[in-house]
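Here we start with a single chain on its own, the form predicted on its own, put down as structure tokens.
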Amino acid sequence: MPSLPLSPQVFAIITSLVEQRAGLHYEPGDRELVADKVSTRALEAGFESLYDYYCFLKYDPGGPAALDSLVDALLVHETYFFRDPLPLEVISDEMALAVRMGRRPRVWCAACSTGEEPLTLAMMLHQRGVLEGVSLLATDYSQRVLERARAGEHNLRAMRALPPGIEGRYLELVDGKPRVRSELVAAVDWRRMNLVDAEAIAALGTFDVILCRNVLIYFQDDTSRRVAESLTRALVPGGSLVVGTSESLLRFGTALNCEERRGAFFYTRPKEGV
């Protein structure tokens, strides 16, 4: 497929729309990285000029849906089972204790992509015999990847960090692709969510743990701060937020306390009166 030229000026106005819609931020040096995906979406929509495509995205009644498709094409959906598993192990042990004390804790995996993270957590909770006692929510901006997650179908690369005993017990190869056991997939509430939508986050209620790993790195600091504030409000007192190992909230002056638990780092909301 031929490509359409993306001038610096049109790059700036299209990526500004993307940032307003989904928080994704691009620097001028990212123009080549973005150009092919923007050009492909524009050509598929029947445009021969990326400025005309921009005008369609911004002003046409069909623009918001097309902009969502463009954002989906730009999103990085790299994930796999048991990726950086230590925080998940700590969470699973703490949730198991809460269930045995008669509580039903809530855990939210934000920006879950094709679902490997929440499904890993579901496997760990099942190993501890408490999966049915924990409420698991998984969200992503992309409806396309959520549909894949709901189907429990993944690619072989998603298996590259599997520990012993998982294949055959929790997933199996079907036609050469990993398929997760249906009861694990059904244990997760899969929903579409835009993390820059503070009202939508507030409507979810509160959680004992929120996982939002390797997401804030794609936002500008102002957007990261707003998202972190929304996530903080969505934590119960004493609840914890987990971000990626390369991400830090400390520079934002967050109200959360950074804690190390068994070698994993958590940002914890202070309990009432503390």
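Numbers for residues come from their place in the sequence shown, where the first is 1. Every value quoted in this text rests on a predicted model; they were computed, and no experiment measured them.
Absent from the display: the form predicted together with a small molecule. The rest refers to it.
> Classify residue 214 as contacting or not contacting the small molecule in the predicted bound form by the rule of any non-hydrogen atom within 4.5 angstroms, answering yes or no.
Judged by the heavy-atom cut-off of 4.5 Å, residue 214 is in contact with the small molecule in the predicted bound form.
> Taking the small molecule as it sits in the predicted bound form, is residue 24 near enough to touch it, meaning that at least one heavy atom pair lies within 4.5 angstroms?
Yes, residue 24 lies within 4.5 Å of the small molecule in the predicted bound form.
> Find out whether any non-hydrogen atom of residue 203 is located within 4.5 angstroms of the small molecule in the predicted bound form, and reply yes or no.
Flag for residue 203 set to no.
> Taking the small molecule as it sits in the predicted bound form, is residue 106 near enough to touch it, meaning that at least one heavy atom pair lies within 4.5 angstroms?
No - in the predicted bound form, heavy atoms of residue 106 and the small molecule never come within 4.5 Å of each other.
> Only one of 166, 159, 98, 75 gets a heavy atom within 4.5 Å of the small molecule in the predicted bound form. Which one?
Of the listed residues, the single hit is 75.
> Heavy atom within 4.5 Å of the small molecule in the predicted bound form: which of 218, 54, 207, 47?
Exactly one residue meets the criterion: 218.
> Thinking of the small molecule in the predicted bound form, which stretch from 90-98, 179-187, 135-143, 121-129 has heavy atoms inside 4.5 Å of it?
Among the candidates, contact is made by 135-143.
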